[in-house]
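Presented below, as structure tokens, is a lone chain in the form predicted on its own.
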């Protein structure tokens, strides 16, 4: 049974996943949400697939750690995770905002088309893999092969980047404040222009992170993999 607390015009719905199932929660947020603008989820205890495929302007607050695919396929909703997130958080997000207070495991924001993903802690390997237009801000470090085959969008990394950053990068851009262990194929450090400075400033402000944009460097595509080169002998 969903408990809806009415305070004036708002109607926050409260779920306790120690007593209710994730299926019940997801069925509720996919339904007719008359007068409901906020959902509070307690005791997630690492459950998987919480708040997936939400297509409504809801604010969903999750009070703890979540498993894989939390807020996957998100559209319109603001999902706040007060803990850590398992693999694939905000995977294939279309719009809205997903925010992780702690650590995000592998594949955070994979294939995301739009919206903003904010990770206040570190992110695991392949953060932003195959990114297709969303923005990602990471307050800490990212793991190996982050931004692998990222096609469009922006990633701001406030810490360090592990091996293979931006491997096979297309038109996405990565901004890194810390060190880069190694760049992937066809990725290169490029000059920061005025547009880059403005973009980083705006994204950090949106994420609530206060680093100055001048401390970041830009990583973009060298565009050498756009066309087949028969003389390369498969060596890129």
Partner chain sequence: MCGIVGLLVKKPVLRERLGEMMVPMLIGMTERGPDSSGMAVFTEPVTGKRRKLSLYCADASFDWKHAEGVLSERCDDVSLAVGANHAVLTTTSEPVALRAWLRTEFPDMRVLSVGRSIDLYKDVGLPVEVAERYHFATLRGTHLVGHTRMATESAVTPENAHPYTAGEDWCLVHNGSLANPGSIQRKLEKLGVHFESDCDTECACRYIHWRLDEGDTLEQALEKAFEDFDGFFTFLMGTHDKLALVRDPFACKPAVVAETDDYVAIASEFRSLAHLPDVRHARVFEPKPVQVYSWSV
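Computed from a prediction, not measured in an experiment: that's the story for all the values here. Numbering follows the first chain given and starts at 1.
What comes next is about the form predicted in complex with its partner chain, which is not displayed.
- Although the partner is absent here, residue 201 sits far enough away that none of its heavy atoms falls within 4.5 Å of its partner chain in the model of the complex.
- Contact annotation for residue 197: none of its heavy atoms lies within 4.5 Å of its partner chain in the model of the complex.
- By the criterion of a heavy atom within 4.5 Å, residue 63 is counted among the residues contacting its partner chain in the model of the complex.
- At a distance threshold of 4.5 angstroms between non-hydrogen atoms, residue 43 is in contact with its partner chain in the model of the complex.
- Interface residue among 84, 95, 151, 78, judged by heavy atoms within 4.5 Å of its partner chain in the model of the complex: 84.
- Residues placing heavy atoms within 4.5 Å of its partner chain in the model of the complex fall in a single listed stretch, namely 125 to 133, out of 151 to 159, 125 to 133, 70 to 78, 111 to 119.
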